[in-house]
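A single chain comes next, written as structure tokens; it is the form predicted on its own.
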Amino acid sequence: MIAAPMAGGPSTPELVLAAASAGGIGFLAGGYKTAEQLVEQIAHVRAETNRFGVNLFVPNPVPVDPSEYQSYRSALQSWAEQYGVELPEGPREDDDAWHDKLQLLVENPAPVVSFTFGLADQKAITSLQHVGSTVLQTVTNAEEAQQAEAAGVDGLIVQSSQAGGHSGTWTPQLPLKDTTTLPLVRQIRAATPLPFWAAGGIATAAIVQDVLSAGAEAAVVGTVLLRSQESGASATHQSALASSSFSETLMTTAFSGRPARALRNAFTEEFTASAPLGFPALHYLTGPLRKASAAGGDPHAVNLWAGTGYPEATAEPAAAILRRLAGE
């Protein structure tokens, strides 16, 4: 059992330690953090266990069209006024401190390093392997899996579109294909001999057994841990997962400009069809709205990331959840 990296707050050192205590592996989410924040979390975890991983966003920007950015910003103005926030004037583009974090992990190696959003270059992969890290690449189809194998990674994380939060697709500017985890696992098993872990909508012990029987070495879970005692997800997010007011998930670019699965709320209803592509520009544009909404206990302007298995999320210790999913 693997506790997925969930950037933006849900993945905490406590969640990583809980996964280790249950006999699994938890991931620190490097995305949206500074290198300094990440090294502090690594030190926190390493003081108690050497059973953990770190996930990084590979730079794979989707530049936003300036006119589309301004049009979207204008469309968000009434929401900004409602929540009493100021929206950024122009688009902000960055690489999420990629080089700083990569250097940090070379100087301060983690047992496992995973990449998402794109394929890391061979130099980055080998530099981590040379210091003893096992390097895993997130893939969403057989073609990506074969390219990752050719680049020399040690293994894969196979993510279907059932997964909550951002898709790891390498081509976010293209329409995302609907995939379910079990058939995708079988496709990847046929396409590459690399070992891999399966992710996406895994929320019961039966599904865990299915993906293991189909060829995965482990099951990666995220959404099912969001209501755990160790989760860093906001109270607003956790309440929404348990509320009968939310009854389905959808794939949307409205919050970040990159495809991600979330609970359907008022924001996704209004903007999913019209939001432009543009990551990380839209992430920064909607950030003030999302923070204000979460802080005020209002779930309707928050990115309520959730995979298709979200109804199985429970409020209990993370280790108990992982042991139950493992069939104990």
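What you see is a predicted model, and the numbers here were worked out from it, not measured in a lab. One-based numbering along the sequence shown.
One more form of this protein, predicted in complex with a small molecule, exists but is not displayed; see below.
Of the candidates 162, 169, 249, 234, 162 is the one whose heavy atoms come within 4.5 Å of the small molecule in the predicted bound form; the others do not. In the predicted bound form, the small molecule lies farther than 4.5 Å from every heavy atom of residue 228.
The small molecule is not drawn, but in the predicted bound form it has no heavy atom within 4.5 Å of residue 256.
In the predicted bound form, the small molecule sits beyond 4.5 Å of every heavy atom of residue 322. Residue contact check for residue 139: none of its heavy atoms lie within 4.5 Å of the small molecule in the predicted bound form. Note on the interface: of 188-196, 72-80, 140-148, 201-209, the segment with non-hydrogen atoms within 4.5 angstroms of the small molecule in the predicted bound form is 201-209.
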